[in-house]
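In structure tokens, one chain follows: the form predicted alone.
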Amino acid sequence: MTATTAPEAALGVLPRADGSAKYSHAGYTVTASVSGPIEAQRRDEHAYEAHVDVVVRPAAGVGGTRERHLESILQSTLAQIILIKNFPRSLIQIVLQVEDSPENDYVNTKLVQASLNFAIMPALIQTAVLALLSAGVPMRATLTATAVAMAHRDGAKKTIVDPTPRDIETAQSVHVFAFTSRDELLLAESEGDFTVEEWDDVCETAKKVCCHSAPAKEGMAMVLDDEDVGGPDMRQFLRSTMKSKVDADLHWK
């Protein structure tokens, strides 16, 4: 899958989990399972809210300290949209298994390098949200995410949505943004050299990808907004994915 390929998703792929999803986009394929709310161990108990536990597993090998860093970011992000106060002394566990990535086959592709691999973060966030929806976990809002790189090419600045690993290597800065269904900025992670004005530009580009809903075209489940920002309409994609799942579940009625 190339970075320009439309995202694909399937819900309920793991029959023994409370909820599950498989998501593929920009060369990354991630499968997620959700268990909960279930009884939490005493060390994880919170008297007034549920504990959100996120586990990231690399495509090869075992996780390291940088997976733990990714898990920390995802945990704090998802805990803000899940209605955790509805389930005191409970646990909601989200396991994310990376199945494929567009990294060079001759380079170590373990997710242990994740702190420098911003491109995979939107895939992890999107898969987790889809799995939470599949499990029916109450949330105050849904979440859409994208990665944007700022590069200098031919003497001009260029904004790249869903950058490839090569784009990230040559980019001046890389950014990951996540917006709620209420158009609220929930996550912003950046690295590299950039000015405040450049950050504002990439944030506006990411908001168009995550929050702009173009009218659906007949016979298309997902609309690409190539003229505006060159990225997929993530909000429309999320809606169409859930609609397809509901239609399939209610087909027998």
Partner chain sequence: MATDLPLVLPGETIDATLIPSSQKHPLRLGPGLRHIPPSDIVPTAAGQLITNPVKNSMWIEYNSNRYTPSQGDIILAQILRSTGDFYLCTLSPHTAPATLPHLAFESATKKTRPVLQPGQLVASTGKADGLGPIGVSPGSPGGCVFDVSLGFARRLLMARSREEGGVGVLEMLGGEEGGGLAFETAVGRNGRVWVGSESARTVVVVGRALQETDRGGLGMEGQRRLVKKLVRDMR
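The model shown is predicted, which means the values in this text are computed figures rather than measured ones. Residue numbers count along the first chain shown, from 1.
As for the form predicted in complex with its partner chain, it is not shown, yet the points below apply to it.
Within this chain, A79 is remote from the site of its partner chain in the model of the complex, having no heavy atom within 4.5 Å.
The closest non-hydrogen atom of A151 lies beyond 4.5 Å of its partner chain in the model of the complex. Looking at D193, you'd find every heavy atom of it more than 4.5 angstroms from its partner chain in the model of the complex.
In the model of the complex, T142 approaches its partner chain with a heavy atom inside 4.5 Å.
Between its partner chain and the residues A171, V161, M121, A135, the one pair within 4.5 Å by heavy atoms in the model of the complex involves A135. In the model of the complex, no residue of the candidate spot (E67, E189 and C203) has a heavy atom lying within 4.5 Å of its partner chain. Shown here without its partner chain, the chain has S181, R182 in 163-201 lying with a heavy atom within 4.5 Å of that partner in the model of the complex.
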